[in-house]
Structures are given as structure tokens and as C-alpha cells.
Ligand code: MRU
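Here you get one chain, nothing else, as C-alpha cells; it is the form predicted on its own.
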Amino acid sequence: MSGIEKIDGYKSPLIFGDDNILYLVDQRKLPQNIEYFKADTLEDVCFAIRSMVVRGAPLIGITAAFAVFLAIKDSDESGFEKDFYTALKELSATRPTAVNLFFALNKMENLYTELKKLNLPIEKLKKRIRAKAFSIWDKQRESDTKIGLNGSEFLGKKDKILTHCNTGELATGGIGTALGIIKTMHKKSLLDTVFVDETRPYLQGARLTAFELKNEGIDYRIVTDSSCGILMRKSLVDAVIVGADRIASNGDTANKIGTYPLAVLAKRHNIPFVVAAPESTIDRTIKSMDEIRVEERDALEVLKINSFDIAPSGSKALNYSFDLTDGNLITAIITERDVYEYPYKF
């Protein structure tokens, strides 16, 4: 692997400059250390996606788009097509649940299919593929802004918000989806406090969401995942806002493990439970959660925190990375296009 590149300060979760090298903030190291992982090959990016250097469904898709360019930037005419399709195959195997990965790869493949018909010189072909990756990133940023506005208008002054995992810039490359709504509400003075559940086992809430909220100057409290029920019983939560990795045509949603219990608790306490995601996260080719493959990750993520053992030697663990939430538990699904309310018929 190309490894760690020291870049002072937090600039962006992704940097891609004229040197045609991809720099990814290493999210495994946050919040204690801000380090960028340097990737200049397809293999580097596949490693970064699988190992959680980069995470968040939209940002994974954007990263994969740049990886396609990295795979073909040095290709000659005889090897170009093989290198291109090898990249699609290897990237599609990195994370199976998030639909945005496949959305971005399909965009790249559709572009290549169109460009082949034009018989462009190979260097122009490469430039168009590079530009497409930037276009996917730009559209995600625009989408995030619209999601933030739609969500803030829908929720109004629901000023005590509970959120799960990380759905901000570190997950999308823009202001974020669920966290983008929270940031927009803060700017509109509609927000009081954000409850951030730690999100075991990878602690994306405690490490990443808290990092973003602190940088934005938004008041927050980190809570254990198991605290959410008592918070709702004490009327400390006005709404729950989460992201999504894949949404079926009936509204069933795959998201970070721990989302489903929050939806059930919110229903029990009559609290709005809102999913925020770009339209690209809606997979209209599948009918329900029954068609969503749930990723199972390494048991060591449960048995260790960083390099420290937290369980007896020889313990086994089951580590589902996502769970599935029924559409009828979701109050609204907010995208850049609209605010959809149950029943969902995408």
C-alpha cells in the first residue's frame, strides 16, 4: 500500500489534484490524528475501502470513481479496456451493501460505453473519465445541500436530535445527509442539542460525528448505544435522523447496525424517525429488504477496540455491519428531490 501521507490539518475527506494521486483522510485514526492515506493505484483504493480508511456510502462511490481513473491512467490502447473492466470488478467486490458504490461504477461504465462510439484518442478518453469522477463528487455536494434544506423544512424546530453513525462530510464529501440536515438546522437556529450514539463496534458516532459537530460549533452529547431508550422515555429526543446505505422500492432500508432498534424505539415513543439519503441510494430494482445482502465483517472489530482486547481470549463474535429497517417504521425518507412519507412506492 502507498501508506500514510502527512498533510497538516483537516482539509477534506478526499483530495485529488494535478498529481493524479488520491489522498483519503484515514478515518481509522480520527479524531486523535488527522492523517491522509495516499493512494495511486487501484489496489490502494480497494484496500482503503475494505479496511475503512474511507467509509460512508456516497463517499465510497466517489472514491471508487476516482479509482477507476487510477486504474487506466497509465494504460495504453491495447490494455485500456481490460484495465477498465478489471477496476469495475475489483471495486464492486469491496463493500456489497452500499448501493452508491454500484451507482458510481455504473456511471463510469455508461460513460465509457458512450465514449467508445466516438473513437476518441486515448488521452482524451482518460480526461473524460477523470472529469466524470469530479462530476459525481460535485453532484453529491449539491445533493447534500438540497437534502439539508428539505430536511430542515420538514422537521422545523425539532431541536433535540438523535443521530446514528456518521453521515456528514466524512461520509459524503459534502455537508452530509442526516448530518447535513442537522448542520442546516443549526444555521437556521432550529437546533438545541444533538445526541450522538457511539455506534459500536467501529464508534463512528463518538469518533467521527462528534469530530464534525465540534468543528461546526454544534452542541452535542455522546451517549452509549444502549442509552437511546431512556433518552426517549425522558422526552429528551424530538426526532431521530439517520442515513442509509440502500433503500428498497417499498422503503425498507439498510443502514449501519443499530438503526433498526432506534426505529422500533422511536415508533414506541411516537417520535419522528427520518432517513436522509441521496436519490442514488434508492434501489428501485429491488422490492424489499429480502433482496439486500447484509455485510458481515471481521469478528475482531467486536472483540477489540483498536489493538486492545476487550473479551476473553478465544471468544467468538458475530459482526453484522448493517441491519434492516422496515419501511413502515420510517416517518419520512428525505432526498434532494423530495420528502417521501409512508407508504413508500419508489
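Remember, it's a predicted structure, so these values are computed and weren't measured experimentally. Note that residue numbering follows the sequence shown and begins at 1.
There is also a form predicted in complex with the named molecule; it is not shown, and the following applies to it.
The candidate stretches are 74 to 82, 115 to 123, 237 to 245, 130 to 138, and the one lying within 4.5 Å of the named molecule in the predicted bound form by heavy atoms is 237 to 245. Contact check for K256: a non-hydrogen atom falls within 4.5 Å of the named molecule in the predicted bound form.
In the predicted bound form, none of the heavy atoms of V274 sits within 4.5 Å of a heavy atom of the named molecule. In the predicted bound form, none of the heavy atoms of S143 sits within 4.5 Å of a heavy atom of the named molecule.
The closest heavy atom approach of I34 to the named molecule in the predicted bound form falls outside 4.5 Å. Checking C165, L91, L191, L262 against the named molecule in the predicted bound form, a heavy atom within 4.5 Å turns up for just one residue: C165. Contact annotation for 90 to 112: a single residue, R95, has a non-hydrogen atom within 4.5 angstroms of the named molecule in the predicted bound form.
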